[in-house]
Structure formats: structure tokens, C-alpha cells
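The chain below stands alone, shown as C-alpha cells; this is the form predicted on its own.
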């Protein structure tokens, strides 16, 4: 579908079209379309732009990923459709793997997403040899690398999996438009922003911060309080900022 750039909802329509294309190509689950609609409601309330509290959080998240000994980025169908190329660009700067992980797992969906991501980046993990404790869905099945990772970037994540990863003592970075979701509430760092804006912002920050000394990165992370970050996001949604 050709979208006119003059349309007042151009960016939103473009995002929806990416997901519909992903669904037609067989790697976005139909349930993912519903999840996108729910998230879009929160994006309206965020004025469809990255607010200052989210921008700061994205910078802190990148600093933590650069400090990490074994970072990893998790990708599901929606993430692959919306910003697969950008995720791979971020992973390349961070020198970390990208892992395909799906709630509605099928071998075919996994293979399609892997092939899509490998067009942009070689370090894509799909093997599942370990299992996350306290999690019963197929999203519990992960690679050995993911199981041992110290920091996990989990965009558009399920709340139960986010909670289980935190219980494993991992530092969890979430990207979720809903600051009240279990994912946001459980994460170590909760980015309340649309993923199509958050990942490009994080790429910019990764290029900016990658040459900083370790103590400078640690100082950025040390000043951050996720509880305060979530409170600012909630207050913004309430119209108090």
C-alpha cells in the first residue's frame, strides 16, 4: 500500500503497514496486531514523540549495555517487523548477539525472522538449549548465551518473562509504551517510548557514548532511578507534567 506523506497519520499508518506486511509474510502473529493497537493508545497520550524522561532513559540504557560483559537483545515478530534493521545496527555497535524469541513459537516463524535479521547482521541466535526458571510459556526456551547474559534488552516483552529474567538477577531493559505494565514495573530500566523512536535514539547514543571511559558510563547509570522515571511517565499520562 502506498501511503501519502501528507496524511496526518502517516507515521502511524506506516507502522501499521509494516506489521500487516509481517503478518502476510508469516512472521508476525495475529495477536501482535492487537498488541500494537493497545500500545498505540498510550503513544497518543505521549503525544507520539519521545518525551524528555524517555530520552534520558534511553541514554542510561545504552550506558548500561556498554558496561555489560555479556549483553543480548531479544527480538519477537513485532520487533522484527517494526525495526529489525535498526536493532541489528544497535547490536553491531554494542557487539552483542540478537536472539529470536517468540510467544507463539513455530519453527517457520523463527526461521523467517532469522533470515530477515541475517540480511543486516550475522550474530543472530535461534538455538534453544536452556530454559528460564519460573516461566511456563515457550518464551522460556533460550540459548545458552541468553541464559548467561548479564544485561538483556527486551523490547515489547511479556510481563511474566520480564519478571522471570529479573528473578535470575539479570539487568533488564524494557521498551514498553505502558508504564503501568508488568514489564515496565519489573524492569531494571523501563523505556516508556515507541520502539520505532527508541531504537534510533539508542543508536545515536551508542555512537556518542561508546568511547567514554568506564567510570563515565558508570556515573550515568548510577544517577538513574527507575522508580522516579516511571513516576514521571505516569504523571505525564495523567497530564501532571
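Numbering follows the first chain given and starts at 1. These figures come from a predicted structure and were not determined experimentally.
There is also a form predicted in complex with adenosine-5'-triphosphate (ATP); it is not shown, and the following applies to it.
adenosine-5'-triphosphate (ATP) in the model of the complex comes within 4.5 Å of a heavy atom belonging to residue 156. Contact annotation: residue 194 falls within 4.5 Å of adenosine-5'-triphosphate (ATP) in the model of the complex, judged by heavy atom distances. Contact check for residue 57: no non-hydrogen atom falls within 4.5 Å of adenosine-5'-triphosphate (ATP) in the model of the complex. Although the partner is absent here, residue 82 lies within 4.5 Å of adenosine-5'-triphosphate (ATP) in the model of the complex, judged by heavy atoms. The candidate stretches are 211-219, 22-30, 180-188, 61-69, and the one lying within 4.5 Å of adenosine-5'-triphosphate (ATP) in the model of the complex by heavy atoms is 180-188.
When contacts are defined as a non-hydrogen atom within 4.5 Å, none of 91, 200 and 201 contacts adenosine-5'-triphosphate (ATP) in the model of the complex. If you take 161-177 and check each residue for a heavy atom within 4.5 Å of adenosine-5'-triphosphate (ATP) in the model of the complex, you get 175, 176, 177, in sequence order.
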